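Below sits a lone chain in C-alpha cells, taken as the form predicted on its own.
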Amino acid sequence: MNIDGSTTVVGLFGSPVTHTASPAMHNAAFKALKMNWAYLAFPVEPRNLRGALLGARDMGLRGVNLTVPHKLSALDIVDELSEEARKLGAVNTVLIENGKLRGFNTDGYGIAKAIKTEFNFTFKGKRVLVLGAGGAGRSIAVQCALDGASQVLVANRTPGKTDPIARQMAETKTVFRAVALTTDDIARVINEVDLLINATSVGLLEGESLGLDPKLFTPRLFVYDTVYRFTETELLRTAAAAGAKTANGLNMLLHQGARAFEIWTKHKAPLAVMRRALNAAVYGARK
C-alpha cells in the first residue's frame, strides 16, 4: 500500500482496538480493487467520541466503523440516521459526506448473513437468547425481531438497559423478555430457545468465561459467539463438547464490514478477498 497526499482514509474508533482484524480485511479489499484508500484503527475513549468524530469530519476522513463502547453514544452525535440505524437503535458505521456525519448500522445485516451462512437458517420463527444489551446486542436482538423471530430474550447485567430494546420491538410480532445475565437465570430459560448469541465482549481475552454450566447445552441448540479472535471461545468449546452447533463471529465481521465498505466506496465489496484476509489475520498459519 502506497499512502500519499491523495489517499482516502477510513477507520475504526473503539476502546480497545488492538485486537481488531478490520484493517486487514478492508486494506486487502482496497488493494484488490486498486483503490488509493487506507483503513486505520484509532483508540478512542468514550469521553472523546464526539471530538473524534468531529475531528474525522474536519480532517477529511471518508468514514469510520464504531465498536465497543461507542455504538449507542453515536446516536446522539451523528447528523443523520439511516432507517436501519434508527430501527436497530445503534450506529456502527459512519459515512462522512458533504460535511455531515451519517450514521448506519451494518451489524443487523451482518448477523443475519452469518447465521444463514453458518447454520443454514433464518431468524424467522426461531426463539433466540441474546447475551448483552450493548450496541451489538441491541442491534442483534432487534434484527431477530425484524426478521420474524417468534421470541427474543435479552440477558443483561444492568437493570433497565433492555428497556429500549423492548420499545423497539413493540412494533413487531416478536415476544420480548428481559432476563438477568446470571448463570441461574440463563439456566432457567436456555431450554426454551433454539439459538444463543453471545453479544458481550466476554471471550475477547483468552481464558475469559461466562461461567455457564456445560450441562445447559444440548445437541439441539445453536450457539453463536460474536467474538472472533479465537477459533473457539470458552463458550463455544463448552457448547461444542455437549454437541451443540457452534460458530464464532468471523462471518458477522465479514458481512458487516462488506456492507460498510459499500456504503463508503459505492463499490461492490470483494467478499472472497476480504474473507481470506480475515482468516490470515485472525488464524494465521492455523487456518
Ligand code: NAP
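For the two forms, the rigid core is made up of the largest set of C-alpha atoms that agree within 1.5 Å on superposition. From 1 onward, residues are counted along the sequence shown. Owing to the predicted nature of the structure, the values given are computational and were not obtained by experimental measurement.
The same protein has a further form, the form predicted in complex with this ligand, not shown here; the description that follows concerns it.
Asker: Counting heavy atoms only and using a 4.5 Å cut-off, do R157, K161 and T226 all touch this ligand in the predicted complex?
Answerer: Judged in the predicted complex, R157, K161 and T226 all sit within 4.5 Å of this ligand.
Asker: Taking this ligand as it sits in the predicted complex, is Q256 in contact with it (heavy atom to heavy atom, 4.5 Å or less)?
Answerer: Heavy-atom contact with this ligand at 4.5 Å: present for Q256.
Asker: How about I96: is it within 4.5 Å of this ligand in the predicted complex, going by heavy atoms?
Answerer: I96: no, not in contact with this ligand in the predicted complex.
Asker: Counting only non-hydrogen atoms and a 4.5 angstroms cut-off, does G134 reach this ligand in the predicted complex?
Answerer: It does: once this ligand is placed as it appears in the predicted complex, G134 has a heavy atom within 4.5 Å of it.
Asker: In the predicted complex, does V130 come within 4.5 Å of this ligand, counting heavy atoms only?
Answerer: Answer no; every heavy atom of V130 is more than 4.5 Å from this ligand in the predicted complex.
Asker: Answer with one of S201, S150, T172, S73: the residue that has a non-hydrogen atom within 4.5 Å of this ligand in the predicted complex.
Answerer: The option sitting close enough to the partner is S201.
Asker: If the cut-off is 4.5 angstroms on heavy atoms, which of these, A112, L181, L216, I77, is the one near this ligand in the predicted complex?
Answerer: Only one option qualifies, and that one is L181.
Asker: This ligand isn't shown here, but in the predicted complex, which of 52-60, 258-266, 245-253, 31-39 has heavy atoms within 4.5 Å of it?
Answerer: Going through the listed ranges, the match is 245-253.
Asker: Just checking, between this form and the one not shown and with the core aligned, does T158 shift 2 Å or more at the CA?
Answerer: Passes the 2 Å threshold, so yes.
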